[in-house]
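As structure tokens, one chain now follows by itself in the form predicted on its own.
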């Protein structure tokens, strides 16, 4: 237990060591909300690194969160490969037509060079600027889509499943190319100032594939890729279930696991005990309809389920707060963390019956 106030980096490192910091670390993973802060469209916001930096700094202060997030949007990686990005006025940008339209396209596929991809360079520019502003006081979270999950955007879900089950040679070639790209992209972010890499791997979730297939594919790919990333990683299932594979994920060398709201947080914390720090698991979709009072209750429940003993970072369950979540709810979440997240969490025993009734 800490009796002094920590900065965000100290707080996070303490909980990663499975010890109790001064309070539960709070990673509010807002991305598009920066456009609201600057009163510009989502497309314009992500077109400039300085906009993203300013948005992130404003949200750091407003919501008293414990990290900066260099994530722009999911398809930024396939954009670097030549794919289109489809922008919306009130939601995250989405991937356009797949760059791999037939199995044969994989034979001539080459990964883009990070230095020649303007969209990726904007992310690196933003990361360097954030690092210059906060130094080592606030973790800066970089993002890379796992080599195993990236093909969902590269070629579409159906085509990828056909590849995975029907053409092992081309599947292995695509994984080799993607692993090299993901490693280079991750390390470029770390060199620019990111503290850690969020390794998004939703396809590996038991929501999407059975455990035996994960052990043959996603886990082996994660082991190879994470071993070549020059910094700590957090594996995120992007709202997918993972309880049956917690031990398997720990074997990949990752330090943190982003978990789903559809599984019991207390069970996840117990399964991850001393092996992984749990990140989660407020329901971002339901958050759109929460009242400030409900937001406080959900924060209390999450902290009661997973907060004791460290090894827990409060966040949402998907890795991105929806555009439609109102500011008063986000402020209520931040207020609740400060009110109920301070160690020791002695209040839990007194309120357990009410919280879990």
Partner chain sequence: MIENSQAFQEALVALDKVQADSLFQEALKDAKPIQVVEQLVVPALEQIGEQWQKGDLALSQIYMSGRFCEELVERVLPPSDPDRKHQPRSAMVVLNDFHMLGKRIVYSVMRASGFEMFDYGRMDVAQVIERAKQDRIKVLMISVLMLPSALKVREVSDALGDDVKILVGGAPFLFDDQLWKDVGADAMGRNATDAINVVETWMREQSL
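Numbering follows the first chain given and starts at 1. This structure is a prediction, so every number in the text was calculated from the model and none was measured.
Only in words, not in the display: the form predicted in complex with its partner chain, which the text now covers.
Enquirer: Just give me the single entry in 121, 184, 252, 283 that has a non-hydrogen atom within 4.5 angstroms of its partner chain in the predicted bound form.
Expert: None of the other options qualify; the answer is 283.
Enquirer: Can you pick the one in 216, 274, 165, 223 that has a heavy atom within 4.5 Å of its partner chain in the predicted bound form?
Expert: If I apply the 4.5 Å criterion carefully, the residue I get is 165.
Enquirer: So, residue 232 and its partner chain: in the predicted bound form, are they within 4.5 Å at any heavy atom pair?
Expert: No, no contact at 4.5 Å.
Enquirer: Can residue 80 be called a contact residue for its partner chain in the predicted bound form at 4.5 Å between heavy atoms?
Expert: No.
Enquirer: Find out whether any non-hydrogen atom of residue 239 is located within 4.5 angstroms of its partner chain in the predicted bound form, and reply yes or no.
Expert: Within the cut-off, so yes.
Enquirer: Given that its partner chain is not shown alongside this chain, does residue 317 nevertheless sit within 4.5 Å of it in the predicted bound form, heavy atom to heavy atom?
Expert: Result yes; residue 317 sits at the interface with its partner chain in the predicted bound form.
Enquirer: State yes only if every one of 8, 339 and 346 has a non-hydrogen atom within 4.5 Å of its partner chain in the predicted bound form; otherwise state no.
Expert: No: none of 8, 339 and 346 comes within 4.5 Å of its partner chain in the predicted bound form.
Enquirer: Any idea which of 135-143, 208-216, 108-116, 187-195 reaches within 4.5 Å of its partner chain in the predicted bound form, heavy atoms considered?
Expert: One stretch meets the cut-off, namely 208-216.
Enquirer: Enumerate the residues of 288-316 that have a non-hydrogen atom within 4.5 Å of its partner chain in the predicted bound form, in sequence order, or give none.
Expert: Contacts from 288-316: 288, 289.
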